[in-house]
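What follows is one chain in structure tokens, specifically the form predicted on its own.
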Amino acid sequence: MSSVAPTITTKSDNKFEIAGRTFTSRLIIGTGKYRSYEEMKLAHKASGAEMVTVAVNRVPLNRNSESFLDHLDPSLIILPNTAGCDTAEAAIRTARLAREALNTDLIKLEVIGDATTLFPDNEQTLEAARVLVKEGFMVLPYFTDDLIMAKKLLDAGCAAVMPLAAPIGSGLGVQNPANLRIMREQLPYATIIVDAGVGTASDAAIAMELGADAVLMNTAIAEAQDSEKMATAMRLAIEAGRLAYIAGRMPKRLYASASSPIAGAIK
């Protein structure tokens, strides 16, 4: 079976698709850790994002009490996630709940394998993905930056893959750039969204320069001293990184290469 995602993203296209939905912003944002709802709203607006992820297990879906759901811009597409699940069964159950409560087939699949590092359990993630795809979900799985697992998830029918850059909330930035570069080269038609570990604007730019189609982040913006300004910085970094990737960087050289040719120069 071919390791090609259902969604095709071309290198030169300024827009990209997830499960048939077209986006112009390549930044996906979260809702946790903000100090106030007002701060969250300002940051969301500054980010220019068109999609926001929501932890299904951490919000009252029946709206019986106030939550960030009451303060989201209605134009934002909600991407429910299964954060907090540590088995395939729990993630599948949470996804089904999200579909009923939020009326969406989109799901960011998270199955955590270690409570300290929050690293994903790739095997449980793959098991859950296979079930959810068969049930009609558009699955976006969070997993380690592993090419082989990416292929398996795509073969299972996932709409995109979401490799981590570093542990969730760590702010360490891209720790294994070679893995992401290889994944991009080996899966040219897959939608790849870097998820987790971004800490500042340069991290986001690097992820995009490596060929990611988009970056999902939450803590880097929410825990910044000025969330609104950081959201703006992230928006610009995503745009700059994407443009640099399309432009194609110069080759790295061991020795100097004069900017101005010396042939014909006055001696």
Partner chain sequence: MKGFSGKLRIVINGDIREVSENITLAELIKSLHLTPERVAVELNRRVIRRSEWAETTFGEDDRIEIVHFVGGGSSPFSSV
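Residue numbers count along the first chain shown, from 1. Quick caveat: nothing in here was measured; it's all calculated off a predicted structure.
Keep in mind the form predicted in complex with its partner chain is missing from the figure; the text below concerns it.
J.: Answer yes or no: in the model of the complex, does its partner chain come within 4.5 Å of a heavy atom in every one of Lys151, Leu180 and Thr191?
T.: No, none of the three is in contact.
J.: Pick from Ala156, Ala83, Ala159, Ala88: which has a non-hydrogen atom within 4.5 Å of its partner chain in the model of the complex?
T.: It is Ala83 that has a heavy atom within 4.5 Å of the partner.
J.: Counting any heavy atom within 4.5 Å as contact, can you tell me which stretch out of 91-99, 125-133, 143-151, 172-180 lines its partner chain in the model of the complex?
T.: Checking each option against the 4.5 Å cut-off leaves 91-99.
J.: Spell out, yes or no, whether the shortest heavy atom distance between Met138 and its partner chain in the model of the complex is within 4.5 Å.
T.: It does not: once its partner chain is placed as it appears in the model of the complex, Met138 has no heavy atom within 4.5 Å of it.
J.: At 4.5 Å between heavy atoms, is Leu69 in contact with its partner chain in the model of the complex?
T.: Contact check for Leu69: yes, within 4.5 Å of its partner chain in the model of the complex.
J.: Is Val56 close to its partner chain in the model of the complex, meaning a heavy atom pair under 4.5 Å apart or at it?
T.: Yes, Val56 lies within 4.5 Å of its partner chain in the model of the complex.
J.: With the partner left out here, check for me: in the model of the complex, does some heavy atom of Gly32 sit within 4.5 Å of its partner chain?
T.: So Gly32 counts as contacting its partner chain.
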